[in-house]
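We begin with a single chain expressed as structure tokens, specifically the form predicted alone.
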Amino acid sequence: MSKNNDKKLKIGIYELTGCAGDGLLILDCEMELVDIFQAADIQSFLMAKSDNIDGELDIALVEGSVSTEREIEELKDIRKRAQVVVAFGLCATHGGIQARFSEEEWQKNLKEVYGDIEMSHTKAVHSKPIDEYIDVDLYLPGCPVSKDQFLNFLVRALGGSPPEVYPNPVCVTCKYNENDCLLLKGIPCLGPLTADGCGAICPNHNVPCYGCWGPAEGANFTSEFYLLQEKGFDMEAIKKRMANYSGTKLQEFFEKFKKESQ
């Protein structure tokens, strides 16, 4: 992400299907917002400006999952114009809550809601993370991404460095904070599976982790699954908890257990 010293980085911020919480997070950087727009050339950001430009970019931040054919084309266009594409937020990195259904479940839900209506605006597709359609250079998970995480990314990008990664699960930070383990109390906490980035904010307040930073690298889903079974939770309850924020990334895991249990 190197840049010419005489030129500002050209950055585009785009929203696909989601709650737009990551874009809103940038606007919530109220004390830093003027500095952000002065430090970088924000070419496109519909939530913040009207004079948007669809030109060449150094960095494209894309939030939201892909859920329509029009979004597929928009995403491919962004990829062509940007040197670096960043999956921004959990919907973009993992598909988000709307991607937790299998293809079969999604087709059934679509039929129940819309019946045989022919889509004239754009055709809906099964929600998926953006790397299902394009190459992604960097990932910033979070639901939404935290303010500190975004500002850290931006400062490092302006200096030509990659973002800080969070390789450890929430459990590591939770132990550093000397919290009691909620799993040992029979509470379905996803700390062992979830990438840290939040500072274990939920367990710090005696609330179980719900996985909103997405799966940690190398997380042992099988062990967590059997542990929750031992605590008395059935497969459907475990699936809803574990796949809630993990989108398509856990579909194969649960399909395997579904077949084995039949």
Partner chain sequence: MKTISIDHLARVEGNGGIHATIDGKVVTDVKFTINEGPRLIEKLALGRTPDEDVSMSPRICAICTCSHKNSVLRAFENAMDIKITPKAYLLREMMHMGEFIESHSLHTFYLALPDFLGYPNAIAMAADYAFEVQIALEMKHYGNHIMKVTNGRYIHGENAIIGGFGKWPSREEMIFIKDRALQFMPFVQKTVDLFCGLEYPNSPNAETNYMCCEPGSGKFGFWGDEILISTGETVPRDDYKSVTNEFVVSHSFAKHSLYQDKPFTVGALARIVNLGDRLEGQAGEMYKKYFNETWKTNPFYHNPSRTLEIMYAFERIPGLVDEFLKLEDPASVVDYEVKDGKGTGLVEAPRGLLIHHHEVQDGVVSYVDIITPTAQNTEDIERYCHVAAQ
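None of these values were measured; they are calculated from a predicted model. Positions refer to the first chain, counted from 1. The term rigid core refers to the maximal set of C-alpha atoms that superpose within 1.5 Å between the two forms.
The form predicted in complex with the partner chain exists for this protein as well; it is not shown, and the discussion that follows is about that form.
The contact residue chosen from Ile78, Ile72, Ile97, Ala87 relative to the partner chain in the model of the complex is Ile97, the criterion being a non-hydrogen atom within 4.5 angstroms. Although the partner is absent here, Thr93 sits far enough away that none of its heavy atoms falls within 4.5 Å of the partner chain in the model of the complex. Within 4.5 Å of any heavy atom of the partner chain in the model of the complex lies no heavy atom of Gln43. Under a 4.5 angstroms non-hydrogen atom cutoff, the partner chain in the model of the complex lacks Ile59 among its neighbouring residues. The closest non-hydrogen atom of Tyr133 lies beyond 4.5 Å of the partner chain in the model of the complex. Along 216-236, a non-hydrogen atom within 4.5 Å of the partner chain in the model of the complex is carried by no residue at all. Met235 shows a C-alpha shift of 2 Å or greater between this form and the one not shown [criterion: core-superposed Cα displacement of 2 Å].
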